[in-house]
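Have a look below at one chain only, the form predicted alone, in structure tokens format.
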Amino acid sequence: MQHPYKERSREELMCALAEARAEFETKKALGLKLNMSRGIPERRQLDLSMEMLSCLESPEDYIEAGVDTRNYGGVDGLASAKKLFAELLDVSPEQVIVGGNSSLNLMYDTVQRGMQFGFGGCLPWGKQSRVAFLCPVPGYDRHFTICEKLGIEMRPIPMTPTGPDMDEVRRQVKDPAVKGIWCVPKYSNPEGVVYSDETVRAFATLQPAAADFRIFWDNAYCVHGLYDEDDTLLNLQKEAEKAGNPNIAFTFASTSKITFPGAGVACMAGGREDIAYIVSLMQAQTIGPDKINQLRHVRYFKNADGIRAHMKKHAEIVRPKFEAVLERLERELGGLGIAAWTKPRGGYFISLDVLPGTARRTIALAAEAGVVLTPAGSTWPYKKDPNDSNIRIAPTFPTQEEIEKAAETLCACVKLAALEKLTEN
């Protein structure tokens, strides 16, 4: 076990600083050009789904239950695709809308509809005096960007090992200006937290002051476990229906990290009234999604178990990368008292908390050494991490050899930034 930096004398720290600078220069000399800024599948993962592109050949293959998928129609998606995603999310097909490739697009459109048209028969959010969303932190930067672009106030909610601080959530929703909350309930971005049953039930039974309050349940990693024994997430929609809150939540998912991020299929689910309302609004927006791509996914996977079996192949590629990063964090930083990190069992990220006041410097040093990370502050609303401590690690895109070098370089940068901070006075 390494001796904590804060228990060392100034002379010892200065020696460690000199060693850290030398180590950083060695890493810099490697000339790396690696990107760990976003959760992107690597090529081997994309290759897993190539057979899906050839599963439709003759003109007859494009006919599904009497529907020619090459033609117009089906605003809310192909019936068989709705059935597939309903099975995956454990809801009824009539509660599902299947769209294009991007769940982020569906989320943006849903928030925009709240702003322009409103929910639950209430005045549109955009015509109300104040609109706020609750944002668990650290959280997903693209959620925050939607709010920022649409002029929605963001209020940070601390994350716990079982999900957002529900006492704080309950306190905040007493304010009628609070219209929503962002959630990544399984393998959260970036910490990898799986919301507990107690947390899910607390969401399902919320009694917000605003009748148009909605939970934005971004279940992006619902089948993205790294190990054979998957973690389970209680079904929010069913719990909400039991609690008499059937329209309190929208659930989102996609195959972006299952098949092809640029050509996958996204879906959303919710209460029957809300979904029917959104479909009525969509009639003015589109004549229908890409049903050919939806049919390819249906024919290739056949059912939800087909998707789960496919994801085990992904796990075989992704798991060694996560384990390589975690092994190096422990080896290089363990015991120094300058960093803490999560050990997720799924998802696409590892959350690293460094010495307060050093995240920005660490990320800058990593960039100088050829390792690009998510910009400092991104896991907080308005990119303002109050402690300047959180760093999101995305291990998936580099090769196995590259991720090992990147992790070692990152550790060198964490140590150098911490020692600079500890010896600055």
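Note that the coordinates shown come from a computational prediction; the quantities given were computed from them, not determined experimentally. From 1 onward, residues are counted along the sequence shown.
What comes next is about the form predicted together with a small molecule, which is not displayed.
Heavy atoms within 4.5 Å of the small molecule in the predicted complex are found in one stretch of 82-90, 173-181, 318-326, 98-106, which is 98-106. Annotated contacts: Tyr140, Asn189 and Ser254 all touch the small molecule in the predicted complex [non-hydrogen atom within 4.5 angstroms]. Though the partner is left out of this view, Val193 does not reach within 4.5 Å of the small molecule in the predicted complex, counting heavy atoms only.
In the predicted complex, at least one heavy atom of Phe349 sits within 4.5 Å of the small molecule.
The small molecule is not shown here, and in the predicted complex it never comes within 4.5 Å of any heavy atom of Ile157.
Looking at Phe250, you'd find every heavy atom of it more than 4.5 angstroms from the small molecule in the predicted complex. Listed residues Ile258, Leu295, Cys147, Ala220 were compared with the small molecule in the predicted complex; Ala220 is the one with a heavy atom within 4.5 Å.
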